[in-house]
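Just the one chain here, laid out as structure tokens, in the form predicted alone.
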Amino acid sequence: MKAQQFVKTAALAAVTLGVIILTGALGNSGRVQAHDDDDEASLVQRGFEIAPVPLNLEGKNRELVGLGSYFVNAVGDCNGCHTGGGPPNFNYAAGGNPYFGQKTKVDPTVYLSGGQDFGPVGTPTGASGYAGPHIISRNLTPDKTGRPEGGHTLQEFKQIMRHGTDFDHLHPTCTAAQLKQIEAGTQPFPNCIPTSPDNPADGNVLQVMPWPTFANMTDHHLDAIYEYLSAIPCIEGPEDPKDPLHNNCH
């Protein structure tokens, strides 16, 4: 649901941007540049207006932070999937849920801290129908290094966004031996994704996460998202480094 909504939003944004660029290209090239600069400045301003948490701009590129906020909060709905909140409000604060007819207010205490459960993605296998570990959205807030999304570097972040690389290896594809164990019903079941010819899920890449859509973004846009995620507050997670909610703020 979230991924489908994001794809539709991204597609509309891409078409709109294409019309703007094409229209400008038919005129004076100098005017095109001026228009693009003015347009991005407005997105930067809007990004700061809608950021739901205080931002640390020390050592950061202010324009990139504002632009990144626009992409994260106005286009990508990243917090819709990466919130740590649960029912009934999920990513919204109590009394600030727009689906209840209330004035919208994002809950800053669970903002982008991860934890939404999307269920397993593997092929139900064995008598118990084990389909693998549940896919849990990751904590995107900065760790003690100041780097977001589990402490990944900018280059790693771009690798994730363009190719879906799962550097944490939280849900590997089951080996033949592991599949036999699952089929035999021997517990505890291994932490792996059972696959089949009609469901060849690749455990080396992030599942559910709409990285194939983000892959279409420019380097400049991905730089902006990373810079923004580096400027938001850290939210501590569990101590287990293999837990998708893990984050070490100190």
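Computed from a predicted structure; not experimentally measured. All residue numbers refer to positions in the sequence shown, first residue = 1.
Unshown form predicted in complex with a small molecule; subsequent notes refer to it.
Task: Complete contact of 49, 63 and 107 with the small molecule in the predicted complex (any heavy atom, 4.5 Å) - done: Not a single listed residue reaches the small molecule in the predicted complex, so no.
TODO: Quick one: find which of 173-181, 96-104, 156-164, 122-130 has residues within 4.5 Å of the small molecule in the predicted complex by heavy atom distance.
DONE: Heavy atoms within 4.5 Å of the small molecule in the predicted complex occur in 156-164.
Open item on the list: Would you classify residue 77 as touching the small molecule in the predicted complex, given a 4.5 Å non-hydrogen atom cut-off?
Closed with: Residue 77: contacts the small molecule in the predicted complex.
TODO: Considering only heavy atoms, tell me if residue 208 and the small molecule come within 4.5 Å of each other in the predicted complex.
DONE: Yes, residue 208 is a contact residue.
Task: is_contact(residue 168, the small molecule) in the predicted complex, heavy atom dist at most 4.5 Å - done: Heavy-atom contact with the small molecule at 4.5 Å: present for residue 168.
- [ ] Please check if residue 91 has a heavy atom lying within 4.5 Å of any heavy atom of the small molecule in the predicted complex.
- [x] Heavy-atom contact with the small molecule at 4.5 Å: absent for residue 91.
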